[in-house]
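One chain comes next, on its own, written as structure tokens: the form predicted on its own.
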């Protein structure tokens, strides 16, 4: 049962955290939540399809289909997160008056809202499809053993409940946060999430031999084992790996660079205006 709790918690928490952050962003920017229903529906259907055709996918591309598909799904999420971060980045480095004017300018035309809606739908649906498919596959392994299935379902319910509770807590914590603090914190968290996903892409490609898995940069297992409760939480939050390969570090830096660079540029522009 404990294995089920940890596995389901890891899969649910990552998707729940992403959904909660984007819902909080919608609330802060006074956008409708309709996109979330579309994203969850697409993600749920997509997860079932991925699980249903899991064997066919795994056998494709000379046995590398699953890893390549995972890398592709992560890549789409990362690119969408970067695009969203770059789009809302100006809101984090403006005075209160300028912030309101910038926000009105961004959403003056329907295209601005549509872009955010579409990015949110892609991020949530692709993340949910990837994570929930693992849950379908895990539970399907116990369909022929009633006793084991019962234990797995109970563990899954506990893990899902913890994950969704943490997601809900995240949403309310961010909705009560002042907008002047919310946007920078939001950008920091989604950038870390994207960086963590990029490390998973590198790991998938290392597993099929497309990338070289050299000597790890460090080994932090003695501090936090990635298979422990804390490690599973950190894995879901920032893609924690206790023994990351150098190529994973490169992927991480390349992923966070666009948003970090944009934030640095806007911060420098704000400093220049302040001293004029």
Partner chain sequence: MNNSIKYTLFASLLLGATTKAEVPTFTLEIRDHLFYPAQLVVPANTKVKLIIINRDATPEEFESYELNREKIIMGGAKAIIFIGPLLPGDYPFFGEFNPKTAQGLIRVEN
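Numbering follows the first chain given and starts at 1. Bear in mind that the values here come from a model prediction, so they are computed numbers and not experimental data.
Keep in mind that the form predicted in complex with the partner chain is not shown, yet the notes after this line are about it.
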One residue of 61, 208, 40, 247 in contact with the partner chain, assessed in the predicted complex (non-hydrogen atom, 4.5 angstroms): 208
The unique member of 151, 180, 175, 140 whose heavy atoms fall within 4.5 Å of the partner chain in the predicted complex: 140
Residues 7, 67 and 200 all lining the partner chain in the predicted complex, heavy atom within 4.5 Å: yes
Contact test in the predicted complex: residue 215 vs the partner chain, heavy atoms, 4.5 Å: yes
Contact test in the predicted complex: residue 33 vs the partner chain, heavy atoms, 4.5 Å: no
Close approach of residue 55 to the partner chain in the predicted complex, 4.5 Å, heavy atom: yes
Partner contacts for 22-45, taking the partner chain in the predicted complex and a 4.5 Å heavy atom cut-off: none
